[in-house]
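Presented as structure tokens, the chain that follows is alone, the form predicted on its own.
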């Protein structure tokens, strides 16, 4: 499929997986809305890299804890480029918290950023589509949403909600919008650096290696090009979910 000239909004696009997705979509000729919160420098680097390669991109700051941010992001994207064709919800937080020590603030921040914001971004996006416009939503979930553990309770619940939201939206927005999710496994170490879990992860994976952001990029490209796939949760884990 020819995506040249189409517009994509990628949340959390200044760093990590969101950055890789934004740059890959720009390589396909898409115009990019690079959302960031605190990563102004990295987000601007993404924009400059896209522009220097002959593409078009803007950086938009928004705190997804702010309930008004989703509507504003979509409106600003449309003001800049006239439309938004693809929405990729990549921004999230990932913090340890068990049933014994998770606080109210910890719980509410995870639910707000990882679930509430994606929902209202999807809502604003769907409301803004032209009658003749087809669209794509891709949510970045986590394999833990399908096989929960005990150390990241609020995070896991928020991503499980995102999986349920993906399936609900796939039904509600069909046939004009395809809605899918990608559930990555061990792709990048925590921002603070590899921990013991991540260091020893390859020996536990069937494919015996850590993934890379490019693995998620390939999944994004597949979902954008597959015109008979919706409501899918695509696991990109190296077999970790098994």
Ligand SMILES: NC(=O)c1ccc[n+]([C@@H]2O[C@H](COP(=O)([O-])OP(=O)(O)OC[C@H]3O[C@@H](n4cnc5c(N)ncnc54)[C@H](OP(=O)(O)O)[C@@H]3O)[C@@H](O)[C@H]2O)c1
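Positions refer to the first chain, counted from 1. Note that the structure is predicted; figures quoted are calculated from it, not measured.
Only in words, not in the display: the form predicted in complex with the ligand, which the text now covers.
In terms of contact with the ligand in the model of the complex, the residue from 179, 30, 64, 50 that brings a heavy atom within 4.5 Å is 64.
The stretch among 99-107, 137-145, 122-130, 165-173 whose residues place heavy atoms within 4.5 Å of the ligand in the model of the complex is 137-145. Under a 4.5 angstroms non-hydrogen atom cutoff, the ligand in the model of the complex lacks residue 86 among its neighbouring residues. Although the partner is absent here, residue 185 sits close enough that one of its heavy atoms falls within 4.5 Å of the ligand in the model of the complex. The closest heavy atom approach of residue 93 to the ligand in the model of the complex falls within 4.5 Å. Contact check for residue 17: a heavy atom falls within 4.5 Å of the ligand in the model of the complex. Using a 4.5 Å cut-off to the ligand in the model of the complex, not one of 3, 115 and 222 places a heavy atom inside that distance.
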